[in-house]
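Have a look below at one chain only, the form predicted on its own, in structure tokens format.
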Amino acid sequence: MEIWRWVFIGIIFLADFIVKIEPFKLGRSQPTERISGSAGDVLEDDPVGRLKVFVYELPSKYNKKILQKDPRCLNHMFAAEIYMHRFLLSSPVRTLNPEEADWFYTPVYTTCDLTPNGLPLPFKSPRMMRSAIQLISSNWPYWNRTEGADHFFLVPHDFGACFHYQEEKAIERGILPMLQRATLVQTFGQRNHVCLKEGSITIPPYAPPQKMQTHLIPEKTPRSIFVYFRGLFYDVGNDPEGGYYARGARAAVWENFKDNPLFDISTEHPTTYYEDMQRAVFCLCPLGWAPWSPRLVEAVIFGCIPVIIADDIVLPFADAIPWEEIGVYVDEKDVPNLDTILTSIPPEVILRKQRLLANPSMKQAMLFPQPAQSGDAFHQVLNGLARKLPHDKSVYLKPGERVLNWTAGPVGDLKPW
């Protein structure tokens, strides 16, 4: 603990020099550090002129009418599918001529089916997606040329296009067969997992930019909290025996550190949640039912070093954001040693991570703002798509050739939507 005391005193002493985050109006006077090498260049790429996207015009029952039925979807962590659609409709990369398109986008709001408590129900999603694909394959010739290899879909469910919130059942389902050749843009990312196929683009979950903006605190406020976390440690309703939820990692955090004065952790979600993150040095970002959560976005925006506890996680835009340099990875099995791991990090390393987090391009890449801004998550998705061009000639099928099995999957998925 002597190391920690020295670190903490040093951080407090240097508080005036540590960046206090203002996510959207970061001034030049604030100490930041540009990401070295290609990562910084990639974040600042401009996709305009590098690709053209054709947006299918679907009947409103696939998108707008669903949203009208439940406007809560606009503020949900899965809302990227809605905002990406809106962005593309007015984006300069959009083309109205499908013959010149590099990519085709099908706007289907598969997560906008919420319980009274605001939780998404993915059970209708496969049927909705199948219905949309059947529609575009019947009304346009472009899907049939490649069976979706030049199409991309947003699937921001817990486990992407596996369309289930419990991992065991998501694995059993697998990715919807009709999406096997398409590029999936999804929040879920875990290496060697059946719900993440090669070539997918991993994105951040939606976090409301305007809401976070209203909770900013004075820039010079010291970071007096060492470790911060608010959320569930157990999910008794869905995991009554314990150990399955978060693979036991959250339970281990609580059992080992609930009485540790360095850890400000609780299940209570205070009104000062965003302000508290801005007062913290480290913010825990453990897996829950899925490996990702909005905490990752919130930590980056508020300059709190993310402590990533989710084995094999694939983080958003990992080819552009140097997560190893701005965050701390802790294996799930090492959670009992979390205090030792974090207190052993030298002050200069902490300060450098904070300077990198203060880089405005880093924050911008994690957000889906309205209206869109240069370098934001919308543009990072387009950059990812542009980097996949040109399509290999092998993706184009011969006339009448079929690769996908349209009748594969659970029987319930084959029912009309």
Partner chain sequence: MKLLALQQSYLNRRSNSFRSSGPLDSYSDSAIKSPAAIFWIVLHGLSCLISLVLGFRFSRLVFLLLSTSSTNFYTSPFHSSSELSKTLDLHSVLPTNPVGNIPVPALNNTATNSRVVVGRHGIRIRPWPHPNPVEVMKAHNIIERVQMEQRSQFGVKDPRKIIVVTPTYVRTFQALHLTGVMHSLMLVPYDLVWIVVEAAGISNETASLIAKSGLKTIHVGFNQRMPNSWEERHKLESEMRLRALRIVREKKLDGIVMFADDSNMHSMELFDEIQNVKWFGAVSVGILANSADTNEMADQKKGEEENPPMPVQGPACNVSNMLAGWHTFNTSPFAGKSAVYIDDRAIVLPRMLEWSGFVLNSRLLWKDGDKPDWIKDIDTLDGNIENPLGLIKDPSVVEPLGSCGRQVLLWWLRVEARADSKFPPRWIIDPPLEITVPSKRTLWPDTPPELPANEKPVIGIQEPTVKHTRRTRTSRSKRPSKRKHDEARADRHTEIVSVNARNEMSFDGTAASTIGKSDCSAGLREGENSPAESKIQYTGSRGGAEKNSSEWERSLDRIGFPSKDKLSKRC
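Keep in mind that this is a model prediction, so the values were computed, not measured. Positions refer to the first chain, counted from 1.
One more form of this protein, predicted in complex with the partner chain, exists but is not displayed; see below.
- Screening Pro336, Pro92, Pro270, Pro71 for any heavy atom within 4.5 Å of the partner chain in the predicted bound form leaves a single hit, Pro336.
- Note on the partner interface in the predicted bound form: the residue among Leu232, Ile136, Leu262, Leu114 having a heavy atom within 4.5 angstroms of the partner chain is Leu262.
- Of the candidate stretches 204-212, 320-328, 93-101, 239-247, only 239-247 contains residues with a heavy atom within 4.5 Å of the partner chain in the predicted bound form.
- Interface membership of Tyr109, defined by any non-hydrogen atom within 4.5 Å of the partner chain in the predicted bound form, is ruled out.
- Looking at Ala149, you'd find every heavy atom of it more than 4.5 angstroms from the partner chain in the predicted bound form.
- Taking the partner from elsewhere, His85 is found to have every heavy atom lying beyond 4.5 Å of the partner chain in the predicted bound form.
- Heavy atoms of Asn144 never reach within 4.5 Å of the partner chain in the predicted bound form, leaving it off the interface.
- Residues Tyr165, Gln166, Glu167, Glu168, Lys169 are the ones in 142-169 with at least one heavy atom within 4.5 Å of the partner chain in the predicted bound form, listed in sequence order.
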